[in-house]
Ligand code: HEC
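Below you will find one chain, with nothing else, as structure tokens; this is the form predicted on its own, and questions on how it binds or moves follow later.
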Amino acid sequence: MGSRGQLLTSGLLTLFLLLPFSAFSTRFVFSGDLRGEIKPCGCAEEGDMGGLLRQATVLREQRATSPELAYLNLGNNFPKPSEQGNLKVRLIHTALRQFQPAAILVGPNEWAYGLNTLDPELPYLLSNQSERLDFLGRKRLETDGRHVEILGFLSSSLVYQNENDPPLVKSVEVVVPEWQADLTKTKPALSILLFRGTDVELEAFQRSGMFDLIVSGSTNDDELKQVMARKTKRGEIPMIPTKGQGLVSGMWDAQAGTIRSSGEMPLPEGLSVDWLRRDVVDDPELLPEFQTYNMEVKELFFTNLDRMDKQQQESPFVGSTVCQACHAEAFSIWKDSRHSHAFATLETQGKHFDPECLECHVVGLKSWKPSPDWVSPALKSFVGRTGFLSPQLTPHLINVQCENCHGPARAHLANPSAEKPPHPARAVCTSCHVGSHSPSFNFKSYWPKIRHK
């Protein structure tokens, strides 16, 4: 055989050897847990990691070499609710659409922000949802006649809902037998679970043996000390980085039925992580969106300065810190009461953005209307004006304070002897401590807890 024939034979042999790997291999990439960190601040080199712009660059590069790339996001990307947070949510959704995710697990931050804020064009996944929700129940990927099943679990311990309402998410005890039966029928070549929950729930899925790969959202809050695995009594599973500082990935060889590491730092189950350091360039296609975001943030900043100035000039409410100067003993009693932590109660339940809840947990949220039996002449000009605007604009008016019970103090502050706040009647208490909002309320037992002169 001539040299040309030998070269042709050698080339065909090489192609034949490569075919099983290339035809039946998919790169799976996992991220999430952005928690509003859309771009690193760059203050210190050791903390300069992550960001949507770098993530976009790496995903684009990986897709160029791995067309069969499946990007899976474990959610928890949203920041805390705020006006600037609204701008971030828009930007995050824009980036996610560019990332072309196969599925996005609904995370606790998305839940807290409000499910109605989720982009319906994005494949949000919640496999243990009740019939009252309409997210994706599962995601099926096809790879040359073989299919992958992707499910997502969000623990009820991470979401808030009214205890009297039917549950919006199903428990692990309910879904394990349901999912086992389904996966037995569908017989996927690979089954993946995107998980957010407790160790007990995780161990239940590990015992079931129904998933080939489980990847967890991060339970770590310290981005300077990344923890990349969750340890249970049944072993370790990979966990994505917190604050979106890296991409977890692995190559699935469908023919061999294995996943192998493809990044710089090995993780359990054949995965690895690539850190998004400062040597990763910003994606030029996504950069204009960030420039728009920066302009919107600047405009919001100056708008809020005007709003804060107007509020301070016009609002009848001044906040309890001002009262402390003359009423130190009463302030101390208030500080040790649950009233002084009322806003934090809403935060733990993810309801600190709900006006119906805020009304009883901040000062002067709605237009102020004085009691019919007490209308101070000095405060008549303040009727109809508000107090609390947001935690960022009016931090001095969060929690239940002196003015919730005694009325606005601005006029009293200007003329203490002439403008004395009224002593509140029991009706002031029951305007909030009523019905299902405070079913155990009893004035005789509650009043001693906050009694003061």
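We call the rigid core whatever largest set of C-alpha positions still superposes within 1.5 Å between the two forms. We number the residues from 1 along the sequence you see. Values in this document were obtained by computation on a predicted structure and should not be read as measured data.
The discussion below concerns the form predicted together with the ligand, not included here.
The single contact residue among Trp252, Phe195, Phe78, Trp334, judged by any heavy atom lying within 4.5 Å of the ligand in the predicted bound form, is Trp334. Proximity to the ligand in the predicted bound form, defined as a heavy atom within 4.5 Å, holds among Arg260, Arg146, His339, Lys170 only for His339. Across the options 53-61, 414-422, 389-397, 27-35, residues that bring heavy atoms within 4.5 Å of the ligand in the predicted bound form belong to 414-422. Proximity of Glu356 to the ligand in the predicted bound form: non-hydrogen atoms within 4.5 Å are present.
Heavy atoms of Leu287 never reach within 4.5 Å of the ligand in the predicted bound form, leaving it off the interface.
Taking non-hydrogen atoms only, Arg138 never approaches the ligand to within 4.5 angstroms in the predicted bound form. Shown alone here, His361 lies within 4.5 Å of the ligand in the predicted bound form, counting heavy atoms only. Counting a residue when any of its non-hydrogen atoms is within 4.5 Å of the ligand in the predicted bound form, there are no hits in 299-313. After superposition on the rigid core, displacement of the C-alpha of Leu413 between this form and the one not shown amounts to 2 Å or more. Put the two forms on the same core and the Cα of Phe153 is off by less than 2 Å between this form and the one not shown. Relative to this form, Val400 and Leu300 approach one another in the predicted bound form, with their C-alpha atoms ending up at least 3 Å closer. By 3 Å or more, the C-alpha separation between Leu300 and Phe343 shrinks in the predicted bound form relative to the form shown here.
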